[in-house]
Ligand code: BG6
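Next up: a single chain in structure tokens, the form predicted on its own.
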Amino acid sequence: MSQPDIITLNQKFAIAGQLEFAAEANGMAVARIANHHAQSTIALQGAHILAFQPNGEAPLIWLSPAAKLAPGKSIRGGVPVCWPWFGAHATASGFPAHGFARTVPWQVTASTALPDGSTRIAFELPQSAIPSAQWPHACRVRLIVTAGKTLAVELITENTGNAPFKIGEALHTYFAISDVDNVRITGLEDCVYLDKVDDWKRKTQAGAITITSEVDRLYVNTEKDCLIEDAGLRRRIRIAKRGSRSTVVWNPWIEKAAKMGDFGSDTGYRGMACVESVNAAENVVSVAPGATHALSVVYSTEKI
């Protein structure tokens, strides 16, 4: 984005002492939030949260030091917005994985300094960024991010057409952890999941999740809070969601991370874990004409 556009964004939406817009070295436009509670950075491409760190704490969100911040390219880490499908497209193998929303520019539509000291910024997916060949449905898509003591994210899909459509979606959040050996994930005990690593076999989770090899699981029919308990950082990350009936837990482990090439080092995979709030598989969402669906998540930390 050019410098004049950054100037316009600051004129319209900057909040003194809380929110400003800037261009990264590669020209990518970002919103930078720094308030009494936390700091956060959001790329306008994909409305992609790159960072969130409560003041005085370790970062909550993981971004690869080798992430490619380039126009039209997906970003390794942060909070990618997967929409209007999750994973591979059901019928068109040439369509981008996880949809197109994460790699196109979004528009800033509002910014607010909230009474509790939090900062809210609203984005909208422009109609011009929606490829009609991939998504021929009339709709309005918004993302609202609130950075304060917690990080709240709401993905809102409105059907503005005359026919229903189905969406798959996710907030594909990468969490920063001390090390995979120190982490257990709870909240999905006894839930059914599809195991991508084992040919999509249907299984049932027994106990807490630990990561000792590649993990790629789609848990279905679950709306529970998930907790990442991190003994190394002596904290618990709570993922409290609404409007999401699936959860994905993912870590690529050694070989797959090496093939991806953007994890930053041979051991980059050890410092992250994805716990994603999703609607996929049997939990895809049908949105009726005139109806609105919202997937919202609040991320918070607790000491342990």
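All values reported here derive from a predicted model rather than from experimental measurement. Residue numbers here begin at 1 and follow the sequence given.
Beyond what is shown, the protein has a form predicted together with the named molecule; the following relates to that form.
J.: Between 193, 123, 174, 83, only one gets a heavy atom within 4.5 angstroms of the named molecule in the predicted bound form; which residue is that?
T.: Result of the distance check: 174.
J.: Give a yes or no on whether every one of 250, 260 and 276 sits within 4.5 angstroms of the named molecule in the predicted bound form by heavy atom.
T.: The answer is yes; 250, 260 and 276 each reach the named molecule.
J.: Using the partner position in the predicted bound form, report whether residue 110 sits within 4.5 Å of the named molecule, counting heavy atoms only.
T.: It does not: once the named molecule is placed as it appears in the predicted bound form, residue 110 has no heavy atom within 4.5 Å of it.
J.: If we define contact as a non-hydrogen atom of the residue within 4.5 angstroms of the partner, is residue 208 a contact of the named molecule in the predicted bound form?
T.: So residue 208 does not count as contacting the named molecule.
J.: State yes or no: in the predicted bound form, is some non-hydrogen atom of residue 216 no more than 4.5 angstroms from a non-hydrogen atom of the named molecule?
T.: Yes, residue 216 lies within 4.5 Å of the named molecule in the predicted bound form.
J.: So, in the predicted bound form, is residue 92 in contact with the named molecule at a 4.5 angstroms heavy atom limit?
T.: Contact check for residue 92: no, nothing within 4.5 Å of the named molecule in the predicted bound form.
J.: With the named molecule left out here, work out from 96-104, 138-146, 177-185, 125-133 which stretch has heavy atoms within 4.5 Å of it in the predicted bound form.
T.: Looking at the partner contacts, the answer comes out as 96-104.
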